[in-house]
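Read the single chain below, which is given as structure tokens and is the form predicted alone.
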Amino acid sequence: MPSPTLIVGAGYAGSVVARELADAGRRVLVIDKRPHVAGNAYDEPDAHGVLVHRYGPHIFHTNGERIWEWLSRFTGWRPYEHRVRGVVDGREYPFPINRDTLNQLYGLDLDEAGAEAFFERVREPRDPVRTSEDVVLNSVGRDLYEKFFLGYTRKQWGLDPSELKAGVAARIPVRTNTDDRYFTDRFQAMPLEGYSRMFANILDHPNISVELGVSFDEVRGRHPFPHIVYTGPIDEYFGHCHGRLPYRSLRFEHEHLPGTPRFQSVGTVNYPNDHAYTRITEFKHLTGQQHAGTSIVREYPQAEGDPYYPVPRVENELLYKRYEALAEKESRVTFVGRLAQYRYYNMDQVVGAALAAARRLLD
């Protein structure tokens, strides 16, 4: 019997490729160094029975009908539109910034045209727009930049917005209407029974074997695999031969509040200027779970620890290109996912990249 394809990582990238190959008749071995599947999307009931996301909030949203339909084979959905508030001087305001944010913050009564005129009046035109600071100042001006973006970015990335590529801030819209949803995608929902159940369903196939708590180094020499799908950090695969790629990590402080049915007004509240943490998420908003108490998580960005976010700077992308050149010479290895491709992917983008990678492997 031929050896299976080895897939390193049981998160979105690895699990989607595994299922596609298995459905096409290929045997697959999926390994993950963590003791669970689902990668950073992993969720489980805490000690008090509240379903929590162990690695911070994951809210699924996409405009890709094909991606939505693919995942819908493995889960039902709970409709959910995420809302966020930003705390400035002790008060909560809608975030991303919209017309209500302006009216509440400045004591105004702007209509949509008035909000558009306000932004046009306060913006600091930047040309060219190269950095995240350029994006925000060009859009909303200095006061809103300093109130909502500057401190949050410094905490999140350990860098000033002027040191980050424009794409970081460009992910956050600015609105002249009163739409207070964080995302406006066509499909927005949470897996009905949680992410871990969805991933278990994806990997439930007779052609798929899963080994958890196993590192790549432990199996790469076990026997020759016809192909490897690698979803970990690309620099780690190559022994950091060109130096380490910078990633941003997080520390999570989970807390259960007994006898508190509701802790905050929306799913996530940002703290751009106060505290060492960036935000607090209350999971019952996301899941709709009924419980006498509630569970929250505070997020503390840090330099060391598990890699979560590639740091989007020009010099980092140039370093990645050196690793990408090495990867292109590895004919028996496919690199896919946020860490392997050093891209700030959303969940749906990882699914799309994984489907494309599987299609190439099966052609």
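One rule holds for the numbers: they count along the sequence shown, beginning at 1. Note that the coordinates shown come from a computational prediction; the quantities given were computed from them, not determined experimentally.
Another form exists, predicted together with uridine-5'-diphosphate; not displayed. Remarks below refer to it.
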Segment that reaches uridine-5'-diphosphate in the predicted complex - one of 111-119, 201-209, 153-161, 68-76, heavy atoms within 4.5 Å: 153-161
Interface membership of R279, uridine-5'-diphosphate in the predicted complex, 4.5 Å heavy atom rule: yes
Test of understanding: in the predicted complex, would Y300 fall inside 4.5 Å of uridine-5'-diphosphate by heavy atoms? no
At the 4.5 Å heavy atom threshold, is S139 in contact with uridine-5'-diphosphate in the predicted complex? no
Decide whether R130 counts as a contact residue for uridine-5'-diphosphate in the predicted complex under a heavy atom distance cut-off of 4.5 Å. no
To verify the annotation, which of these, F187, Y182, Y80, Y247, has a non-hydrogen atom within 4.5 Å of uridine-5'-diphosphate in the predicted complex? Y182
Quick check on this chain: which one of V266, I228, I172, L105 has a heavy atom within 4.5 Å of uridine-5'-diphosphate in the predicted complex? I172
Could you pull out the residues of 71-97 that have any heavy atom within 4.5 Å of uridine-5'-diphosphate in the predicted complex? F95
